[in-house]
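First structure 1, then structure 2: two forms of the same chain, each alone, as structure tokens.
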Structure 1
Amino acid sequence: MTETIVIAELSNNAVHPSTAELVSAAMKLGDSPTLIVPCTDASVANSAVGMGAASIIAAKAEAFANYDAKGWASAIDAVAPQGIIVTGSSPQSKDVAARLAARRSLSVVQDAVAVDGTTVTSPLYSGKAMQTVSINGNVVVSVRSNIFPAASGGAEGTSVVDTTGDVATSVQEFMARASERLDVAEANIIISGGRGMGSPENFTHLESIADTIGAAVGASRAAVDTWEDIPHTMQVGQTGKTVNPNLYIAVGISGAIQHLAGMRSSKYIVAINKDADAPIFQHADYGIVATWEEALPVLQTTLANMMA
């Protein structure tokens, strides 16, 4: 079978658990997946042991100190063997996927949600349609999180490849380090606020709940467009980020089609809105008709007690 290469997802200097899902997806495309862990400290790769990969390579390079797509793609390309490359579907991972595909003259399939032999399915038009493509040869595939089961077992140790000398000069532009708060595109739990929150200052209540349960904080387009303090990076929706968490909590969000396009595939949706006729309730698994001022303190207290 074709060799598969998985690029690990990283979070807070450790391999993110979603990497095991990527290994599971890679197993459907080929056998004996090789897991590459981009890092500046090879010990980071130790956290990938038990995630199902046949072999684990700690790709050590100065390029990985800060994110720059050109530098990352160059460093990974220097280490990764030939084969089908599988990445996550975070904005950063999809950026790297596209650049790796360009470097190797391969096709790229973004946001895969199903793999059946040599066919890969991904959404189009914000999930309104699905496309299925047939893979013939090597390709680069980005895979959405929370779709495939996590793989386990595999290699019990790691090998180290230090490419610092080869790629140091390729790092020309650096982006600021990602915020310590989890990105909505990667989160398993998301709590989002809309214009019904009243002001951007009130998003601190969402942040407090997010910190309690390890969630990410998102926002509707209406909130992003209304308040400059709410950045576009938080936006969930057709013109923002498409997410697929296990739990999505929408607070003060009416449920416009634009927003639904980015989150309606969430496994469980909880809606909090003072308008009982808000469209969001038609798509929610659980609905609470209340103002955020009434609902969030109770939610905060209950969740804090559950996590204690």
Structure 2
Amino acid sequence: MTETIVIAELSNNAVHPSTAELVSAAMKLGDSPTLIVPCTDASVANSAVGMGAASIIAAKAEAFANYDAKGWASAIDAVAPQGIIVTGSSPQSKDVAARLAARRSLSVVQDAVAVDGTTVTSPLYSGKAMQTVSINGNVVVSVRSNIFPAASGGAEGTSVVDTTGDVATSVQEFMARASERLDVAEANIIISGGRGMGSPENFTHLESIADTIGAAVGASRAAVDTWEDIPHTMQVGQTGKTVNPNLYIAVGISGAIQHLAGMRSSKYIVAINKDADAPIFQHADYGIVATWEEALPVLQTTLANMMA
């Protein structure tokens, strides 16, 4: 069978747990995944033990200190064996996936949600349809999170390979500092507010629930466009971020098709809206017809008690 290579997802100087999902997707496409951990400090790779990879390589390069597509792809390419490559589907990982594929004159399939031997399924038209393709030979596949089960076991040790990347861009200046809050693209739970929140100050109610359950705060485009304090980085939807969390809580969001495009594949959707006819309810697993003023305090208290 085909060799598979998994590129680890990183977060806060550790291998992100979703990497174990990539390993299990890789096992459906081929054999014994080699996990490559891009890092500047090889000890980071230790956190990948137990995620099911047959071998773990800490790929150590200065190029991994900051993100540069060319630098990352060249440094990873130098250590990755030939085979089917599996990556995560964050914007950065998709970028690297495309680069790696091009470097090897391969095709890339982005955002896989199902894998079956030699076929891969991914969304088309922002999820309004699904496309299944057959793959012939080596390809690069980026995989959505929260869909595949996490693999476990595997290699108990790691090896370190030094590599170098051919970096093309340089940071001039940090414009907007990364906020202290979790980014919606990385979160397992997201609570988003729309125009129905009435004012940007009211987003503090969403933030306190987010803090209680470890969620990120997102927003609809109407909220981003109406209020300067709600940055575009929070926007979920067709012209914002595509998210795929375990739980998406939409508060005061009507559920326009362009918003749904960014979040409809969430595992569970909760909607809080005062209008029983809001389209978001057709997509919600749990709908609450109420104003947020009534519902959020109850939700906050109940969740706080549950987490205590």
Ligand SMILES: Cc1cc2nc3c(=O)[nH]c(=O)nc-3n(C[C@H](O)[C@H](O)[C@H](O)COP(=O)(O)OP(=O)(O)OC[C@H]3O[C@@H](n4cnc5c(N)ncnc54)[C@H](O)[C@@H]3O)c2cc1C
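From a predicted model like this one, the values you see are computed outputs, not experimental measurements. In this text, rigid core is short for the largest set of C-alphas that superpose within 1.5 Å between two forms. Here, a residue number simply tells you its place in the sequence of structure 1, counted from 1.
Shown as structure 1 is the form predicted alone, with the alternative form given as structure 2. Once you line up the core between structure 1 and structure 2, the Cα of residue 274 ends up 2 Å or more from where it was. Remark: with the core as the superposition reference, the CA shift of residue 299 between structure 1 and structure 2 reaches 2 Å or more. Relative to the superposed rigid core, the position of the CA of residue 106 differs between structure 1 and structure 2 by less than 2 Å. Core-based alignment between structure 1 and structure 2 gives a C-alpha movement of 3.9 Å at residue 200. Fit the two forms on the rigid core and the C-alpha of residue 289 turns out 4.2 Å off between structure 1 and structure 2.
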